[in-house]
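First comes one chain, alone, set out as structure tokens in the form predicted alone.
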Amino acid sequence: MKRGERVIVIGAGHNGLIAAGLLAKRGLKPLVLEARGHVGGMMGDPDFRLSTMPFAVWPQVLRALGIDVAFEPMTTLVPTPQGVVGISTEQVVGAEDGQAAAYRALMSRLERQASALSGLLLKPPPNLASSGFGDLLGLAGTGLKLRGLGKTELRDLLRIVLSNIHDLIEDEIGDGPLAAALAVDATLGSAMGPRSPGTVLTLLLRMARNRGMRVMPKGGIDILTGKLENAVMACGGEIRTNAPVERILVEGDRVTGVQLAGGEIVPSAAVLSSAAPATTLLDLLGPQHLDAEFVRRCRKTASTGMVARIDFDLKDAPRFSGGTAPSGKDRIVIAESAAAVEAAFNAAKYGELPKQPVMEAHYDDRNRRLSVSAQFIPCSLKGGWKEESRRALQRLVERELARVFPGFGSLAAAARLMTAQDMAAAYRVPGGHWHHGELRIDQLLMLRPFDGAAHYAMPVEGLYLCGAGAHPGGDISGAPGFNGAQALLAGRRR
């Protein structure tokens, strides 16, 4: 590709905007095509944000785009019958002293181990088949970081990395509110419970940046979306909303552009898609352009979501039993223990609603809105999602919220609900999975989104992935968009 040539980016979520901004910085002319009426993807809809609390976007990504976003660390609050336990980067407040000390010691060790793995995330995963110099160099760098842990800690990492978070918690700190917070962090957005193998690895990959803590952009989440949008436009890129892509066009095993839902054809020699891999490859491209084994692996990718989102508009701020109200800088985890998290998962894996949903919540004190992510709510509910089952879920959530916030029922003025099934339809994500695919051992690193598709460039020349389904996965980090754009640029240099 030559400088000034058009590149189409499908989707204006944060990964699509980051990919487009980086390409624009390098002299190409990205055109971002977004099906919905707003940019920002799941965190961009002011009426109903699916993602309300980003993790820290990698600073290397922001520097590459030439933008500066100030992030404020959030405190995780875990309500208990004895009071609220607060977890921040500096301290643990409200927990039993011995358990708090054990938690801090465990987290300190996990942070070092996560840092040693971090070099694998902001670059394509190593291609073990090619053994190219770049792949070997990347592996060597990670190997040096791992060696720097020391023999004892490296042995500990190898012992736990593929194990489940429940066993680690039980061995190190025992059950309770701190264990509940860790169990939620290891499984959030996934169809895996604390006893599922590999949930320690999921937690470590989340902790590789900002210790896995949630952050809030100063001024609100729209500040981040706005700056990413401006980075695209400032360098000559273009963004079109309400422009759903219907088909990726191919001639002679090479991408030639896209066709929009209205029939308009937009030519381009390269397409980056931040849509889910199955949506990109099977729906937009079409299996006729791929070999049978590639199609089979794509279809077999685990991507069934287990999160429902409910927003409550409130008449006043909710208050914990002690009388204090959460602020916009607080993340609320509602789970009694790691055992309770596992119990909720056990119900969901059989297609049933859990008796006590595990929840992550954020209170927007400016708009008096409580945003709740209810974990382990099956996408395909036994008996189907009917009006009565939707009301049953809302009642379960309200009951748990009333346990944490006395009198909650009298505060709620209005509610909006989206199940994973709703998300699948609204955002064209198979299974309604936040991460566009399960974050499990056989779908991570060089196996993400599936074996043979891990390096962003797809079998049809000129087509690249740059969304949450690609390495290193979901959450608001910007890494898949950054890596996908780098892969296209590397191909352009060849």
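Values in this document were obtained by computation on a predicted structure and should not be read as measured data. One-based numbering along the sequence shown.
This next part talks about the form predicted in complex with a small molecule, which is not shown.
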query	finding
Per-stretch contact check against the small molecule in the model of the complex, the hit in 64-72, 437-445, 31-39, 457-465 (non-hydrogen atom, 4.5 angstroms)	31-39
Heavy atom distance at most 4.5 Å to the small molecule in the model of the complex, all of Gly86, Glu336 and Arg403	no
Contact assignment for the small molecule in the model of the complex, among Leu204, Ala231, Leu284, Met107, heavy atom within 4.5 Å	Leu284
Sole residue of Val245, Ala180, Ala186, Leu77 within 4.5 Å of the small molecule in the model of the complex, by heavy atom	Val245
Close approach of Val307 to the small molecule in the model of the complex, 4.5 Å, heavy atom	yes
Partner contact for Pro54 in the model of the complex: the small molecule, 4.5 angstroms, heavy atom	yes
Contact test in the model of the complex: Met423 vs the small molecule, heavy atoms, 4.5 Å	yes
Contact of His166 with the small molecule in the model of the complex (heavy atom, 4.5 Å)	no
